[in-house]
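Consider the single chain below, provided in structure tokens and representing the form predicted on its own.
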């Protein structure tokens, strides 16, 4: 029987193991942490957003520069296939008003348990607390509770994650062993990260408050999602979508009235304010919330009272000295194994029989199910590629 080792117990690794075990390979999944899918479980704490139910061309466009590379994999295993896969695990899904797809349980743990049960039924062996430490020629070396262990296999799939949330297992430590082998890697950088802002005491009463119905912009990146004002800066899906612009050195701007044209804001501010203070006039004329007024004064004090000047600031409020939270706190990272280092089945060109999948590859995507779907799709591609390499026919 042909043997295959999958290193990494997240969604990409489990998908590769699923494909290999379905066609009769003897599969061992090896995970450095005490249990599988820790980052996957964390992603499900606020509702497991598996994918996005939208037209495939719109979906794949969200991968930007990596779209041509990922498109064939997403064509084969995109949103519709992710939904079918979940349903086949008896994890019925539903689509929310925003198009986001969730399991009805709204948690990752039932999904993960059902998946692991399926893999065990297919003969997969699981070993935890085994930390991969590199190669000894063509032998895989692991640090285990019983000491160093060396394993030889017919094929291996690496799905070791990127370089964020190291406490959950994705620490990027594998990169040195790869570069030592001459494998081409792009440097890691934070993606979908929170924003650091050095607030004055003036903002403290508003920590934990959500900015809603606003728009964010940084360079070419734009977003209409929410963001939470925190003691560190801004967090949330709206700000994650533009964090890559900040990473590339662009300034961060907020449009507090994105549904109002500039002339409408100016016209509202031009109305007589009577005896009201300018702050009350802003609040009433534009229906601004207290935390939005606080943000205006934090970033543009003293506000000009001329309607045209003030309107331009409200539509284009610059957050001074915005920067990213540390990479280990980012939801995901860019960088990793480059497309140039791999063939179309995600096998390393300079290490035959060795495949890579998931966030350890050099692509990035916004939150909203795009990250998980690409992990599933690349894990499937690598698993099917490894099956072909072993002389097995991938399952239909």
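Positions refer to the first chain, counted from 1. Keep in mind that this is a model prediction, so the values were computed, not measured.
One more form of this protein exists, namely the form predicted in complex with a small molecule; it is left out here, but the text below deals with it.
Though the partner is left out of this view, residue 387 does not reach within 4.5 Å of the small molecule in the predicted complex, counting heavy atoms only.
In the predicted complex, at least one heavy atom of residue 31 sits within 4.5 Å of the small molecule. Although the partner is absent here, residue 12 lies within 4.5 Å of the small molecule in the predicted complex, judged by heavy atoms.
Although the partner is absent from this view, residue 254 stays clear of the small molecule in the predicted complex, with no non-hydrogen atom inside 4.5 angstroms. You can rule out all but one of 155 to 163, 288 to 296, 274 to 282, 193 to 201: in the predicted complex, only 155 to 163 has residues with a heavy atom within 4.5 Å of the small molecule. Interface residue among 313, 186, 168, 215 relative to the small molecule in the predicted complex, by the heavy atom within 4.5 Å criterion: 168. Interface residue among 337, 347, 371, 327, judged by heavy atoms within 4.5 Å of the small molecule in the predicted complex: 371.
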